[in-house]
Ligand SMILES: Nc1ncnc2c1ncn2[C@@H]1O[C@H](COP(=O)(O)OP(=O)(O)O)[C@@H](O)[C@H]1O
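Just the one chain here, the form predicted alone, laid out as structure tokens.
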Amino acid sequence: MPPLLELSAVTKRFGGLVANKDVSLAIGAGEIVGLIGPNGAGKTTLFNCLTGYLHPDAGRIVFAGADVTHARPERVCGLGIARTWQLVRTFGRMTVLENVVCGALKRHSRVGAARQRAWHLLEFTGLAPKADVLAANLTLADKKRLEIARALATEPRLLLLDEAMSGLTPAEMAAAVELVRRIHAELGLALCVVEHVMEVVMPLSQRVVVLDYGEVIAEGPPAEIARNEQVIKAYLGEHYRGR
């Protein structure tokens, strides 16, 4: 079967800065792919290109058989790609339930149906007890969980998580990992996970892609990536060797 998402030689420039250079990768239906690399490697820029917030200067992006290289965010979302943000973006003056209803309205034109879908996802993500709390009053961990719930409400086939576990305590991180595993196991979604915590992304991913200076420098199973000399030198560091 063809991959769910396929990037071919995607390049994105900002003036003289090349943020992504000839990036080619594929994600299959139901696959979990880790996307790692140093700060400034181009990971978030790539997510922005995938979701229509930026458009590549060269290359092609195909999702579910549709060319989305220059598609607007609403079309990309409608086709089935949803995301979270590196810096949390909740609607602070709206309740937790209202935030998720906003996502559900992408698929359900009637508010009642959207609320029903939102309630189901609040229960799934463990946020139901906080349904009436303003998003601005949530902890960081719950804000990140809310972003995931809102993204799931759009009923995606591919979920992009941009540092959804950064800034969390070890206990909060463990709970977030468990939620991601449940999303994969029970909802059957494909996931692309950007994360700097290797103890999280390596066990979670079925395959890992490494970016450095905007280019793919390695791709493969986590155990193989962990032993890759180029990856150790560019990102993981000597202290990671042998883990």
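Only a predicted model underlies this, so the values are computations on that prediction, with no experimental measurement involved. Heads up: residue numbers just count along the shown sequence, starting at 1.
In what follows, reference is made to the form predicted in complex with the named molecule, a form of this protein that is not presented.
Not displayed here, the named molecule is kept clear of L50 by more than 4.5 Å at the level of heavy atoms in the predicted bound form. The named molecule is not drawn, but in the predicted bound form it has no heavy atom within 4.5 Å of L25. Under a 4.5 angstroms non-hydrogen atom cutoff, the named molecule in the predicted bound form has L17 among its neighbouring residues. The named molecule is not drawn, but in the predicted bound form it has no heavy atom within 4.5 Å of V216. Between 200 to 208, 38 to 46, 177 to 185, 65 to 73, the stretch whose residues reach within 4.5 angstroms of the named molecule in the predicted bound form through a non-hydrogen atom is 38 to 46. Contact residues in stretch 66 to 94 (any heavy atom within 4.5 Å of the named molecule, taken in the predicted bound form) are limited to Q86.
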